[in-house]
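Listed next as structure tokens is one chain, alone, in the form predicted alone.
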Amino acid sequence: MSLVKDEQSSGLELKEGLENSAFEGDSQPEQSSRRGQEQAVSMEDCPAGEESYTQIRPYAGMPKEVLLLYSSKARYRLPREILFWLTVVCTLVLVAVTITVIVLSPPCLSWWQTSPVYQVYPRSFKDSDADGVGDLRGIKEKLSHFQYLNIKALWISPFYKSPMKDFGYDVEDFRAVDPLFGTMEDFDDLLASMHSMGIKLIMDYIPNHTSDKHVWFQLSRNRTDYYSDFYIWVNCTEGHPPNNWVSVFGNSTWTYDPERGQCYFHQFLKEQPDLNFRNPNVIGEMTDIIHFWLKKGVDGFRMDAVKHMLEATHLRNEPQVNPMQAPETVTKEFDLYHDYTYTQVGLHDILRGWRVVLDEYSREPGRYRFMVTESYDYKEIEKTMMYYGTPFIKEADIPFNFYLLDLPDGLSGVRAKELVELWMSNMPRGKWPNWVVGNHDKPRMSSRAGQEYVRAINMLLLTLPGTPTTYYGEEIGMENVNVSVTQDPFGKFDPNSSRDPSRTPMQWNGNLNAGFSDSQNGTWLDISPNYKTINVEVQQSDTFSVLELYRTLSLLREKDIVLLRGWLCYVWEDTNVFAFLRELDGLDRAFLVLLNFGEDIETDLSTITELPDQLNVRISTLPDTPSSFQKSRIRTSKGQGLLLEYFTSQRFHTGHSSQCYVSEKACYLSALDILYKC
């Protein structure tokens, strides 16, 4: 199609066909000449206001013959080839850089590594129906509290259907919610709400035993074939147990059952018979329960009391701690060495099998399923470390680290360093540490160490490398309560060992029942008398409160790569002070954490040449703190904690490897703002 002038009308018209004389061959000279005359329309031939039209050569609609003619010319071919090869080279470089970044980048941290884990004891967290006992709807009502604290992982203690002889740790039905806490619909609603807010749920899983009301036990005691050996039965007579084994709660682990005519084994209450994990059917049934909750969408499990799951089959007496003690007086757990009832061969095979199940569900993007084990191994820390697995076989993500619970015993800077070092020096290479300073089995840290040290202990918890676990109420410094009526079965056996004082209702505000419940008939355990001064509402308005300090540290820990992935290096410990560094290769910014677990003192760190002279205060647990310190004169008060920030290109860990630890070494590349393996 071409544009020509109509001589009669002095206008322009479009003609069909290709009429571009510039591209006609010599075989058509006349036609080319004629078309050449029509090729352009000048301004003189056009009416006023019309612009001239000039044919552009060559143009996009050129025929193939013309395209081939011009494409071979250097001025067209060379730029095209340059662009082609430049594109190829850029693509290859981009692919190579991408592969390099992927290969050199350290693994991304999972949700259980970046957030503190918060333990909710449901009976005591929030009561939604005014019956004096906390429940699942109450937890849902307070999910905003976790958002405020920047906590994205909740471990909820048992809410299974239970006779409540041990407050939920005696399970009657693993697939049902106890009516005291609500319904399965309440659970589903809570889980959906948590996930919508980016909060993960870790369930308490209790594999060692069931309630004696569980249908399995009822069928086992009457010798129903499939269930006959679901529990551990031995021949005995009433009042004459087969050996000297003692339960955690005291007295014999054996109870005679007249219906079956044998004794059954229980490492806790007689109402909590131990399952027989040497029976493959028991493992299968308990694995099915894991599947049940994973299909509902839970994000992980805390495996309760795992060291008790297997026992020796030979039933020999366990050796006494004091050989001279009269055998008839051996009635407490620590009267014996539990060589035949704790951490038996085969235990880790069972746990690794469950790890495989969790990994199957972890294939869903963003839905990693977490596993933590509970085992109090005391001086035998090497047994605890076995729950990490081996370099070839994965087991728990972390075994709970209970050693900081001993911090108040001889509280000092030296003691703090000793307990941190105990874990770090025994932890397998490349594993992830964790820290616990309170739970439902132990007295509250604020009562044992003293209220003045709570802030420093929380700063320790949230600035060490690894995952911190916080028991409900620790974020406000709740204390033990002398309850009027003992509910704990352990406390009924030994009043000095009652766990009730650390399980009292959460203190939300200064209203009725501390805002925990609207019940006019009291609560399941007494409310602390100090609830008007120690509660969430009061502390939210105080910048230097325990709560606000916890929140500030939690927010900083999540966003600061040094605290999440950096080296831990000890630089000072004495009777009063424990100090350590957090630093990262490639980053010229680092932290000095200095914690006072003694009395007012001035600390001189001038011998640490890697530290600059000036240290800036990022966070202090107490008001009226200077904005900076000279490293030779860092003054702290009793119970004070300091997070000091400094800038230097020197690294402490390079010259003091024996004082430093890191789970997985990574370096920071500031030019690209990325981490890489180094």
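When you see a residue number, it is the position in the sequence shown, counting from 1. Computed from a predicted structure; not experimentally measured.
Keep in mind that the form predicted in complex with a small molecule is not shown, yet the notes after this line are about it.
Visitor: Please tell me whether the candidate spot formed by 209, 374 and 503 is one where all three residues come within 4.5 Å of the small molecule in the model of the complex (heavy atoms).
Guide: Yes: each residue has a heavy atom within 4.5 Å of the partner.
Visitor: Just to confirm the contact call: exactly one of 100-108, 337-345, 298-306, 592-600 touches the small molecule in the model of the complex at a 4.5 Å heavy atom cutoff, so which is it?
Guide: Contact criterion met by 298-306 only.
Visitor: Considering only heavy atoms, tell me if residue 441 and the small molecule come within 4.5 Å of each other in the model of the complex.
Guide: Yes - in the model of the complex, heavy atoms of residue 441 and the small molecule come within 4.5 Å of each other.
Visitor: Looking at the partner-bound form in the model of the complex, is residue 178 within 4.5 Å of the small molecule by any heavy atom?
Guide: Flag for residue 178 set to no.
Visitor: Heavy atoms within 4.5 Å of the small molecule in the model of the complex: does residue 272 have any?
Guide: Yes.
Visitor: Using heavy atoms and a 4.5 Å limit, would one call residue 531 a contact residue for the small molecule in the model of the complex?
Guide: Contact check for residue 531: no, nothing within 4.5 Å of the small molecule in the model of the complex.
Visitor: Which of these residues, 233, 174, 524, 249, gets a heavy atom within 4.5 Å of the small molecule in the model of the complex?
Guide: Spelling it out, the residue with a heavy atom inside the cut-off is 249.
Visitor: Heavy atom within 4.5 Å of the small molecule in the model of the complex: which of 367, 145, 499, 352 fits that? Just give me the one.
Guide: Among 367, 145, 499, 352, a heavy atom within 4.5 Å of the small molecule in the model of the complex occurs only for 499.
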